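What follows is one chain in structure tokens, specifically the form predicted on its own.
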């Protein structure tokens, strides 16, 4: 069991009534996370995506949450203005059953990092670029248990091994460990 610490929890609240479907959030997110930064724009690399039904004027931004190694059991349907939506459409997780929130080339899971940078952003860029203030950034202090989940580390390492090979990953870890010791 981990120890309790005070932590700033960052969140984005979405006001669906204000979203006009412009996709500025997707554009700036994918540009911010491009390598090198701002060198390209590919919404498939965005940590926020827009579910849209322009004929009914429905736009719903969803930002990427935690990776889940297994498919969920929920397959509920939602009806909004007479149109049926699958529960997966609103889900924030990257999971094995769909390509949403996965890096298109490596298939590594994507997660919203609130545009953490050096120097830090005042607010995530999707919030800054939202023309209609549909994305509202909030910070609150909470007492949380700090625990590093071994499963999370393993998922990341497995993905890196699949992409680069075991030998390359081991060499990199050895080099990084040696640099930390000196």
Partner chain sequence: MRYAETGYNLEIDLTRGSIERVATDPRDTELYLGGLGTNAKILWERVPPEVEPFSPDNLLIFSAGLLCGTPAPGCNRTIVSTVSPQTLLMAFSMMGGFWAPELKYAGYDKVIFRGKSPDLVYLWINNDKVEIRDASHLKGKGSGETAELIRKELKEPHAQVASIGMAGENRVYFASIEQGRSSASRGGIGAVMGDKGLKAIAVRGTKDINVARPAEFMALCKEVLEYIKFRNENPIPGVMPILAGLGSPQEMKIHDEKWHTENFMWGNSRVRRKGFWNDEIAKQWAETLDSMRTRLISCYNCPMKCGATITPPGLPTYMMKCFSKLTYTMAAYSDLAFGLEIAQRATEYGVDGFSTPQVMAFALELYENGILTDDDFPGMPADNEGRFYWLLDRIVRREGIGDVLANGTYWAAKQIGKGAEAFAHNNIKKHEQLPLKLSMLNPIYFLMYATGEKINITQIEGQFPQAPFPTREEREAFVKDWFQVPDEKFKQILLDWEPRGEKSMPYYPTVDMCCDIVDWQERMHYIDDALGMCAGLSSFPLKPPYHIHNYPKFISAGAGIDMDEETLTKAAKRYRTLIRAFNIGRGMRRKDDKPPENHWKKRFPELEKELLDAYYKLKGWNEQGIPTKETLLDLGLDYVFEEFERREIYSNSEGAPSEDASPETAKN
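This structure is a prediction, so every number in the text was calculated from the model and none was measured. Numbering follows the first chain given and starts at 1.
The same protein has a further form, the form predicted in complex with its partner chain, not shown here; the description that follows concerns it.
- When its partner chain is considered in the predicted bound form, residue 145 lies well away from it, no heavy atom lying within 4.5 Å.
- Taking the partner from the other structure, its partner chain in the predicted bound form has no heavy atom within 4.5 Å of any heavy atom of residue 114.
- In the predicted bound form, its partner chain lies within 4.5 Å of some heavy atom of residue 83.
- Interface membership of residue 44, defined by any non-hydrogen atom within 4.5 Å of its partner chain in the predicted bound form, is confirmed.
- Highlighted residues 40, 49 and 131: every one comes within 4.5 Å of its partner chain in the predicted bound form, counting any heavy atom.
- Note on the partner interface in the predicted bound form: the residue among 62, 136, 155, 27 having a heavy atom within 4.5 angstroms of its partner chain is 27.
- When its partner chain is considered in the predicted bound form, only one residue from 151, 66, 141, 57 comes within 4.5 Å through any heavy atom, namely 57.
- Applying a 4.5 Å heavy atom cutoff to its partner chain in the predicted bound form picks out no residue from 164-180.
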